[in-house]
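Coming up is one lone chain in structure tokens, specifically the form predicted alone.
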Amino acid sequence: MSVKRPSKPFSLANGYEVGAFFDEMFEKNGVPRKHYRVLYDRLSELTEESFEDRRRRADISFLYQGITFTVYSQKDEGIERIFPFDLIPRVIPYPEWDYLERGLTQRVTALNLFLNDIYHEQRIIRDKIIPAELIFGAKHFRREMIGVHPPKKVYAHIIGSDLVRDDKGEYYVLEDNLRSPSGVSYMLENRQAMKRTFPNLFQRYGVRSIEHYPQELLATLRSVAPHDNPDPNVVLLTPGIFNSAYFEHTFLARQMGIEIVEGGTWW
């Protein structure tokens, strides 16, 4: 007769030392930061077995729902992968989020003003703020766009900014993705997975909702319709099912309630 040994308590701190970098959850002395205390206490109630079970169930849920992306490489051609999901969320207190939101809003505004300038007056070049060769020599610069006036002067309608922290915890923008920002559908599905995994945590933390994002996105696209069209027809274009972002394309089309166009065929 075999006796199953009880699973060990799940510990985030045993044997862990905060290195010479900024740790999101722990202070230098290994004490959880104030805004992580509720999450830390909840995770400490779990056993290693129950934690792994929750992670495994989240992965299975993603697989059954088709929440995947395709990896294309010379070695692995067209391999479907489950989108990585971290069971330990990043907690951003409201003062930090307010700071980020105001800074990123300012940054997005500046990027659109920059694009408007280089395709019109080009004052930033005349004032020698940026060397002309950096603009005209860029492979994505389009001379055909010089003098073209996009609706509402908006060039980048959706921007994905990658944020990082330095060793002191200061936020920096690593890069801005203006051409084809992606990943928001996975963010929305991750939030649903976290709600199923730790439902009580959301009530205790008062997490801001993100479920309205698809409708915000649709409103943004409609707001820049040419000629002030009050009811523009918005569609989503996709290369097809073999594209790595196909899940995201179909997800957003469903959430926004718009048609998806694949290879010239209306769905």
Partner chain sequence: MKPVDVIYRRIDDDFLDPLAFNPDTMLGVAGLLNAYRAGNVALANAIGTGVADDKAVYAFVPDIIRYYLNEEPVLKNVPTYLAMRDRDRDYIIDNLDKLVVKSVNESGGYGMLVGTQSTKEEREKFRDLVRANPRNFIAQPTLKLSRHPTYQDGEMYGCHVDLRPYILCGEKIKIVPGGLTRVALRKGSLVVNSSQGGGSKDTWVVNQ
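Numbering follows the first chain given and starts at 1. Everything numeric here is computed off the predicted structure, so don't read it as measured data.
Only in words, not in the display: the form predicted together with the partner chain, which the text now covers.
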| property | result |
| --- | --- |
| In the model of the complex, G30 touching the partner chain (heavy atom, 4.5 Å) | no |
| The partner chain contact in the model of the complex: H120, any heavy atom under 4.5 Å | no |
| R90, heavy atom within 4.5 angstroms of the partner chain in the model of the complex | yes |
| 4.5 Å heavy atom contact, E216 to the partner chain in the model of the complex | yes |
| Heavy atom contacts to the partner chain in the model of the complex at 4.5 Å, residues of 158-173 in sequence order | I158, I159, G160, S161, D162, L163, V164, R165, D166, D167, E170, Y171, Y172, V173 |
